[in-house]
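This document opens with one chain alone, in structure tokens, the form predicted alone.
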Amino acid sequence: MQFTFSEEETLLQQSVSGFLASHAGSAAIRKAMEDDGAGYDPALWRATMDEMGLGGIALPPRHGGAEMGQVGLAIVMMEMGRVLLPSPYFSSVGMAAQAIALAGTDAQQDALLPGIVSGETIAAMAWRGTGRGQAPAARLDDGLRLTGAAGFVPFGHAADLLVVAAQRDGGGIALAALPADMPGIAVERHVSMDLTRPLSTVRFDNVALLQEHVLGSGGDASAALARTLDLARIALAAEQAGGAEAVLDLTVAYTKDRVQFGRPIGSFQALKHRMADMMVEVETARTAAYYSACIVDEGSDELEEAAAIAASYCSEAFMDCAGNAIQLHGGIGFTWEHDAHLYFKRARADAVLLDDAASQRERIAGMIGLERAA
């Protein structure tokens, strides 16, 4: 595949990069991260969604979107990953909005998506239980009573709208979109390793839903949930590729400035080799992320495979680059004052947010028949 940005995509990349460079520097990120309130800058959130219009980058115009597809979303996520933007953008736009667009009826999409696109509504996706594995977050009985708990919900504490995956009593999966302040819903915000993306546990205590809260016409939403998670993995892979590129740039700049034994440490062959390895990982991660996004926009049936490849490779590339960055920065890389540790913590948290790299490789093995052969 020969991939180059269109003129519109180039303009998007330049615009988002310039906007974040002027609004989301290290000081602004640390202020949002250390704030005991929302965990993000509300003014920057409004500017991101309203001034820049990034809320509907992948959605059609009828919802206020720009219809730039998954590639457009990947461009935005890659730039946000470069600056470690503390923002509910991924949970709201990259996950919840995708689920509504895939599973909701036209009326539900018209009612819910414009608010997400404008940023007036912050949405979060509650798709898994509090333990390990793929179990849905909750159960939905025939009386439309929702019970259970969802763990590891990004920006769940800030959400106005929750998109919940629930196991139906009669079998199958239901996706429901409901206000976060409904009676019976309790949100517990956690102190997590990555302070730039706070996580919460959301509990549902016999929450009474209306039929209009259940997305779609009542059928099994398993396919919509699976596709939503794969689209989210592709968006997250783009963010990871951007983060990996940022720590490479930080490291190269530092090794040019840091002098030891009368010469910049970047001139030492051992360090050159490690940074060369990082560059290969960055370039390959970027390729994997954009390739998987192109697969989505082309409507290819290779989506699941491409998403799994991007998720597994970009996750490990970001982890490796972030770890190398700390090592090559020496003692300063371990300090709170330097940003290298922030990238490492985001890389570590992202590595398990939508299942780890090993589980994605197991998916790939199943797709190509290795499990059957074994």
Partner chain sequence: MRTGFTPEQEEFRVEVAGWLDEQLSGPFAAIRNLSSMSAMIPERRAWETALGEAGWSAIGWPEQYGGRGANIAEQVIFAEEYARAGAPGRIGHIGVTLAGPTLIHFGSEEQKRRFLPPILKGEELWAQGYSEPNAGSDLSNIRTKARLDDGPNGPEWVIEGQKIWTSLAQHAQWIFVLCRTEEGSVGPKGLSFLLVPLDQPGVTLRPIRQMTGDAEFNETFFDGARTAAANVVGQPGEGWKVAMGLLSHERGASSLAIQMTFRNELQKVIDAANANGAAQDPLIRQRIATAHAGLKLMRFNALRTLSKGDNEMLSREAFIHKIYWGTWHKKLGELAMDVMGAPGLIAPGPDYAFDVLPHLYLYTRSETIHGGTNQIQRNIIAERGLGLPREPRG
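Treat the numbers as computed from the prediction; the structure is a model and nothing was measured. Positions refer to the first chain, counted from 1.
The same protein also exists as the form predicted together with its partner chain; that form is not shown, yet it is the one meant from here on.
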### Message
Based on heavy atom distances of 4.5 Å or less, which listed stretch (214-222, 186-194, 169-177, 259-267) is in contact with its partner chain in the predicted complex?
### Response
259-267
### Query
Quick one: in the predicted complex, does every one of F19, D41 and E337 get a heavy atom within 4.5 Å of its partner chain?
no
### Task
Look up in the predicted complex whether G25 has a non-hydrogen atom within 4.5 angstroms of its partner chain, and give yes or no.
no
### Query
Any of the heavy atoms of V352 lying within 4.5 Å of its partner chain in the predicted complex?
no
### Task
Indicate whether R286 is a 4.5 Å heavy atom neighbour of its partner chain in the predicted complex.
yes
### Task
Would you please decide whether D230 lies within 4.5 angstroms of its partner chain in the predicted complex, comparing each non-hydrogen atom pair?
no
### Query
Pick from V252, A111, A135, L144: which residue has any heavy atom within 4.5 angstroms of its partner chain in the predicted complex?
V252
## Note on the structure
The one residue among D181, D106, E120, E298 placing a heavy atom within 4.5 Å of its partner chain in the predicted complex is E298
### Query
So which bits of 274-288 sit within 4.5 Å of its partner chain in the predicted complex, heavy atoms only?
M275, A276, D277, M279, V280, V282, E283, T284, R286, T287, A288
